[in-house]
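First comes one chain, alone, set out as C-alpha cells in the form predicted alone.
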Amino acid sequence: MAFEKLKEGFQGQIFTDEETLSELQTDFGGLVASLPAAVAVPSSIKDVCTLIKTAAAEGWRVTTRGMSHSQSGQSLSQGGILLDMGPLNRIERIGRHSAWVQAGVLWSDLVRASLEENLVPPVFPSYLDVTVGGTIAVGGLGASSFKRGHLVQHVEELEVVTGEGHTARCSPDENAALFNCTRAGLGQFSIVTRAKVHLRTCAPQVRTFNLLYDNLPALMRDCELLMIEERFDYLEASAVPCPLGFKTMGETKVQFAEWFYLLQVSVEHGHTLPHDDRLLDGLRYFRKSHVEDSRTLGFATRHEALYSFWRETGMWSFTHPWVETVLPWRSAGPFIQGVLRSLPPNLLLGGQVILAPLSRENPPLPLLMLPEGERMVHFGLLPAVPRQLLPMVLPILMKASELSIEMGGKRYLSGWINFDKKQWKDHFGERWDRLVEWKRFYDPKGILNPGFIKIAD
C-alpha cells in the first residue's frame, strides 16, 4: 500500500515498520494472528474522517482497535489499516445526568471522574480497562444488568464516521437508523468517535454480601426473586469447582468436581447502614461467607485484584477462548448443570465461570440478539488456556456453544466466535436482511472492520 495520499491530510502518525506491526498482530484472545499493512494513530476526530474517506477511495480495509480485548481477531487487521482509537481519550464534559466522552476513553477513567460528582453510569463493565467505543460496539454487561440491561442501552447520543467518511450525529430522534445499527453493531456500519453516556446519582458506599450455594436451583430461585423485588443495586454470580479426584472415563482418568455457586449482591448506602436481615430475608443460601463494605469506587474496581493476580502469575498471557452466551431463563439451569458436569475443573485455572441474570431492555436494540423471555442468564466460560492445550479445550467449548444455541440461547459476540455465514444468518435470523441493507448503505465498499461477520457472498 502507498500512503502518500493519506499523509497529505492526516495529522496523526502512520506506522509501517515491522516492529510496530508485529506488536499489534494479536488480541487478548491470543487465538488469531493478523499482520496489518499499517497502523494509523489519529491526533483528532478529523483524522478519523480523513482516514476513512481516503480508505474508501483507495479500497483500503480499516479495522478499529481500542484495548484489543476481543478474542476472535475482531480488533485485528490482516493486510489492512489498523486504526488505533486509544489517543481519542478525552472526557469532554460531565453534566448532571450525562457525560460526553471520546471513544477511546476507558471506563475506569470515566467511572473515576463521574464519581467525583457522585455520579456513575447505570451499567459499567466488570473489567473497566476497555474503551467506551469498543463496548458500545458489542453491548456491554455489568453487575447492574439484572435490572438495567446492557450498557449500550444507556448511551443517549453518538457522533460517528460512516464507511464513506461522513461525520454524523445520531440518537433516537436524529438519524435513528444509524444510531440503532451502530449500537451493538460490531463496528460494521460506522466508527464511534464520541458518545453521550447517561449517568445516575449514586450513594457513596456499597455493602456486598457473599452468599454460597450448594445447588443451582436454589441460586436461580433467589436470583429470580431479587430481579422481581430489586432489593439490591448489583447482582452477579459465579460457579466454583471443588475438585474431588479422578474418575475413569473409557480408558483414561479425568478430574471431577462438585460445583458450588457464589452469589454476590450489593446495595449502595449513605451514612445509614442497610438492614442486613431485611435484605437477605427468604434467600436460600447455605452460608453467608463474607460481608464487604467499600467506597463506591472500591466496589467499581473490585475485580482489579483478580486481574492483577492473573497478570502476576502469567495467566493473562495465555489464550482466552471465552464462550459467552445468553440463555432463556427456562433452559438456563439444565444447560449450566449439564455443561459443568462435563467440564474438567482444571480448565478454569486462571479463569472463571460467570452466571449473570439479565433483564430484557425496552426498547430492544435491533442487532443485540437475545433469546425469548423477560428474564435471561448470561453464562460465560472464561478460561485461560496454555496454547499447547487448545486442541483438547476448543472442542469442549465449541460443543458448549452449539448446545447453548440448540437450547434457544444467543451468543454474546465479544468472545471466541467461529461462525460460518449460515451460522451468522441463523444468529441474526429475520434481522439479517436489514443488517445487509445497513451495511450496503452506510459502508457501501465494505471497508469497516471486515472479516468477522461473514456478510459478503
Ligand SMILES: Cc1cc2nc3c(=O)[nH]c(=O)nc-3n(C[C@H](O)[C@H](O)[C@H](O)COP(=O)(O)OP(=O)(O)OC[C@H]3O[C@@H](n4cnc5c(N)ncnc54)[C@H](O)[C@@H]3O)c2cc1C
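Start at 1 with the first residue shown and count on from there. Not measured: the values here are computed from a predicted model.
In what follows, reference is made to the form predicted in complex with the named molecule, a form of this protein that is not presented.
Would residue 187 count as touching the named molecule in the predicted complex under a 4.5 Å heavy atom rule?
-> Result yes; residue 187 sits at the interface with the named molecule in the predicted complex.
Tell me, yes or no, whether residue 335 is in contact with the named molecule in the predicted complex, where a contact means a heavy atom of each within 4.5 Å.
-> Contact check for residue 335: no, nothing within 4.5 Å of the named molecule in the predicted complex.
Looking at the partner-bound form in the predicted complex, is residue 131 within 4.5 Å of the named molecule by any heavy atom?
-> Yes.
Hey, in the predicted complex, does residue 419 get a heavy atom within 4.5 angstroms of the named molecule?
-> Residue 419 lies outside the contact set for the named molecule.
Given that the partner is absent here, state which listed stretch (30-38, 62-70, 428-436, 400-408) has heavy atoms within 4.5 Å of the named molecule in the predicted complex.
-> That would be stretch 62-70.
In the predicted complex, which of the listed residues (103, 219, 327, 300) lies with a heavy atom within 4.5 Å of the named molecule?
-> If I apply the 4.5 Å criterion carefully, the residue I get is 103.
Listed residue that, although the named molecule is not shown, lies within 4.5 Å of it in the predicted complex (heavy atoms), from 261, 318, 322, 209 = In short, 322.
Thinking of 98, 152 and 179 as one candidate spot, does the named molecule come within 4.5 Å of a heavy atom in every one of them in the predicted complex?
-> Answer is no for this spot.
Contact set, 36-54 vs the named molecule in the predicted complex - heavy atom within 4.5 angstroms | The stretch 36-54, when checked against the named molecule in the predicted complex, contributes no residue at the 4.5 Å heavy-atom cut-off.
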